[in-house]
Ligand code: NAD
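One chain comes next, on its own, written as structure tokens: the form predicted on its own.
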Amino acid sequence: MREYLLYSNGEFTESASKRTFESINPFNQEVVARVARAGIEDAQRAIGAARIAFDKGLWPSMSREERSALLKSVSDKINDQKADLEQLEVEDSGGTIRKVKEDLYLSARAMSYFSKLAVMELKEPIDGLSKPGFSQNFLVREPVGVVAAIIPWNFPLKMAIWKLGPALAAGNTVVLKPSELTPMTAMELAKIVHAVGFPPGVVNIIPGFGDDVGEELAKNPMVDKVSFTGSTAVGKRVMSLASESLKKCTLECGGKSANIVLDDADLDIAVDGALYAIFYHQGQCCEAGTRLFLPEKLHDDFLSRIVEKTKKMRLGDPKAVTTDLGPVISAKQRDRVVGYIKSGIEQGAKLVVGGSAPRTPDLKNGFFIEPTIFTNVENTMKIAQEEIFGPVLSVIKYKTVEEAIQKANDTVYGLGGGVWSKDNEKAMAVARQLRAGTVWINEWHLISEKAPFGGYKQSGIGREFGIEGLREYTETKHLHIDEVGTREKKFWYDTVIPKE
């Protein structure tokens, strides 16, 4: 069992209260780590350290190239330690080793990309002002200041990198709160940050709970921006608290993504793609393809194929390469998913596969849910409207493409979506009508650190990744440089200055 301390102001310390909490392996309920539990006092200390580091520390005076080198060093260290980090991530999150290996690769790649963004000069000329030729004008982007980053439990290391990378590349200082359910790789990241030599206070990582630490980060007036990923309900609370000091917010929240199969789709790839869209990481993805829209003429064949493959999926030890689905994150989440399955049955949907928490000897200690598919789903049912965050697929039959689009958009969410067709032009026409921040054509889950990611409607505010994501961590300033030179030529002053 590993033990972790808070990382604040360049030091590893106990929490002010000396309290700790345990991190539990969702596969067997073994305690895998004992972690210092941050409280409000610890959050305030970390925020204060980040404030000083930004206002008076070494970080603002470092060159872009120096900051870039530190970020690249983090990427290199992740690669050096990937074998250990993979095992910790599997134990902490229940993600399968096949999935986690990909996560580690993508985490290092993302940080390497952000290190390249760090050297960019965020300055653009502005043309067309009211008196052309008399001045130079520029748009410059400057770091926003102290960033509070709050991440969920489903992709612990990747989410930490996705927050830290662009915030630091833009020149900010950060206080990161990992989820209390999956703190281990974030705390290993703290060790990496310390080892490569970030100045004190630039990166602070304090594991704790949302009702005290999370709320303090959101409302503390010394924080300039909150970057949050999590449920829509909590995102609303974060935004409300942040509004007290009008701090900037980036919110990446829930989803109920529509996966539309057109009548000319290649079923060999679309069936596997639909399975990947919903059952990847046990359905614990904000943009999972939870609603599958099938045309009437393909419905029965498609459903038969997807059910047959679902029945062959292997639940088991996430460390085994043969395991297709691991456990969900906790008993609470398992029970929540079971509750949604019950509601689907009660509201008249037809359960065609799965639907329970298995109790076989090899799985009885884990938080498992069988991969579950409902058909005869109405778009108004709870299982079609509310985010379940588990391996539950709602299949909805449609007659016309217009009907599919209308129902796809009939939700408070708008994070992801997908279209399957052999005709890219036809698929693109459908994709353009979906009210979602990312739409895949003949694909799913392929998110790039180079492409903006975020949601419409109640799926969030702002974007992460790419240049758009970097800009979210900046303030915009207009610089006007006079080129007139003499008072005599500033004739516009005469509109207010008394004539002698």
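Heads up: residue numbers just count along the shown sequence, starting at 1. Just so it is clear, the model here is predicted, and its values are computed rather than measured.
Omitted from view is the form predicted together with nicotinamide-adenine-dinucleotide (NAD), to which the following refers.
Across the proposed site, I151, S179 and G255 without exception bring a heavy atom within 4.5 Å of nicotinamide-adenine-dinucleotide (NAD) in the predicted bound form. Note that among 76-84, 342-350, 370-378, 386-394, the stretch whose heavy atoms approach nicotinamide-adenine-dinucleotide (NAD) to within 4.5 Å in the predicted bound form is 386-394. When you look in the predicted bound form, the only residue of V202, L292, L415, V100 with a non-hydrogen atom within 4.5 Å of nicotinamide-adenine-dinucleotide (NAD) is L415. Residue in contact with nicotinamide-adenine-dinucleotide (NAD) in the predicted bound form (any heavy atom within 4.5 Å), chosen from I306, V223, V144, V234: V234. Contact between E215 and nicotinamide-adenine-dinucleotide (NAD) in the predicted bound form is found at the 4.5 Å heavy atom cutoff.
Not displayed here, nicotinamide-adenine-dinucleotide (NAD) is approached by T229 to within 4.5 Å at the level of heavy atoms in the predicted bound form. Taking non-hydrogen atoms only, G210 approaches nicotinamide-adenine-dinucleotide (NAD) to within 4.5 angstroms in the predicted bound form.
When contacts are judged by a 4.5 Å heavy atom cut-off, L164 does not count as touching nicotinamide-adenine-dinucleotide (NAD) in the predicted bound form.
Counting a residue when any of its non-hydrogen atoms is within 4.5 Å of nicotinamide-adenine-dinucleotide (NAD) in the predicted bound form, the one hit in 265-289 is C286.
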